[in-house]
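Next comes just one chain, in structure tokens: the form predicted on its own.
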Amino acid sequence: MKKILIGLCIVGAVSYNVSAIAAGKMHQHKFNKHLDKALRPIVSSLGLTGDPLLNRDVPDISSPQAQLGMELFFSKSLGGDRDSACVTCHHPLLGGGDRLSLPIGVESDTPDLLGQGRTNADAENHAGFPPVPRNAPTTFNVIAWDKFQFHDGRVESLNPQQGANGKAGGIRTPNSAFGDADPLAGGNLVQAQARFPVTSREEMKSFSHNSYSDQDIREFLAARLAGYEGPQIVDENGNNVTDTVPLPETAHWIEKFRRVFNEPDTQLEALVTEQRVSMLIGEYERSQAFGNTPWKRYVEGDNRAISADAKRGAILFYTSDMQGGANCSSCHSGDFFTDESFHNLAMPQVGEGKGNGDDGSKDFGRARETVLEQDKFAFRTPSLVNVEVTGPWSHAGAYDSLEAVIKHHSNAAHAIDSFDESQLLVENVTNLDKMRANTLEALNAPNFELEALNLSDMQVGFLVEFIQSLTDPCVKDRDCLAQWIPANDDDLNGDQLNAIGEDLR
């Protein structure tokens, strides 16, 4: 009871003094000091450091492995039909994503056009949506995840330890049974994740190549890079399609692998392997570590690092709903601002789903992996570090502003009822009635977690201000991010994706 009363006093005092400032009865400096007196004990009690990357062994982007990983990340040579790359959905200048509600991977009308304006003429065959059914997660700070990758956690550390990024113990992937380690997962969660986009027909593999295993496609692509004979790939009619899209030039890839691994004489089959390809891509992704935020500086002692409104937002963020706050930190906890768990928040479903439900139009989220009723419609809690630049937000990219996301958390039923479909950053959306019905099923499910808070517009604004203090300035600086974009002068196959589009200017 004492703790609750203290919380009420903090929130009440802040509210009272906001009014005092508005009436001209308190100087800003004095009010700032009052906010610090309220916020500092919260920071201390939670043991926060402000550093989401504390004790992480972050690869240097200038290292040979990260540099070669960057070239692979930007190369359409790893796309089944050489029309998509990892960066298609995860560009540094687009917040480590693609700034679309739902990604468009293969068969784009203009493969190098990223962000808004990217289209896929085949969307009409996928319930009116792009064929990728979930929003592209950001690659920023992937090194800070210790338990899961992907919205549904289908890549999972079986022995999660703080700071390990999945290195300790085994890693379960879609290529192993639930709860069992995949022996080929790799050395960390990021490498394990990097092995799967190339196997997705919607993202990189293409719809024309379906009749072979995930491992076959990985080995086929490694062989393509180095020009040696890999698995024999056949289409659904049994026709050999192994050489339908070979690379005209492989010597430069071989030379780069020999240099990075210092193996001048190793046979190609052992030099360029799918394990090495995914490891290199993973090291590039893991180098995208951005945690030098204003909030970090505040936690470290600089009271001037964030604004008064951000401090008001922080107090709301860390105060429970029972104490008059917004209760955000119950899920967005710790210095990385996530509990790395799964919750049903009834975020609007956008897209054709993942094949769940009687008609296959639903996406059951974490329950697709666990087959547990209590996990239905639950998705991984995203980190809020740099979230300002990673929109549109939610597992399906339903919201295009942080204000809209917070208002959903404040009153999900109202947000769903008044959902503005024009905010969807996706071309030619149809079948919205089905989308709404599936969202309402999540809202009415027994495991739906949100309590209606009915935050005021002022409170929403305070929370937005605080969340924006969690942004590393580098992720908004084109010159700073240029380190993670390769030069356009070493592309003998013409496969490097040199992105164009309004969102990249």
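Just count from 1 along the sequence shown to find any residue number. Keep in mind that this is a model prediction, so the values were computed, not measured.
The form predicted in complex with a small molecule exists for this protein as well; it is not shown, and the discussion that follows is about that form.
Residue contact check for L425: none of its heavy atoms lie within 4.5 Å of the small molecule in the predicted bound form. Looking at L114, you'd find every heavy atom of it more than 4.5 angstroms from the small molecule in the predicted bound form. Using a 4.5 Å cutoff between non-hydrogen atoms, T139 counts as a contact of the small molecule in the predicted bound form. When the small molecule is considered in the predicted bound form, H395 lines it closely, a heavy atom lying within 4.5 Å.
Site annotation in the predicted bound form: the residue of K167, K256, R172, H332 reaching within 4.5 Å of the small molecule with a heavy atom is H332.
Residue R134 is the only one of K376, R134, K296, K311 with a heavy atom lying within 4.5 Å of the small molecule in the predicted bound form. Using a 4.5 Å cut-off to the small molecule in the predicted bound form, each of C89, E203 and I281 places a heavy atom inside that distance. Partner proximity in the predicted bound form, defined as non-hydrogen atoms within 4.5 angstroms of the small molecule, places exactly one of 460 to 468, 37 to 45, 54 to 62, 434 to 442 at the interface: 460 to 468.
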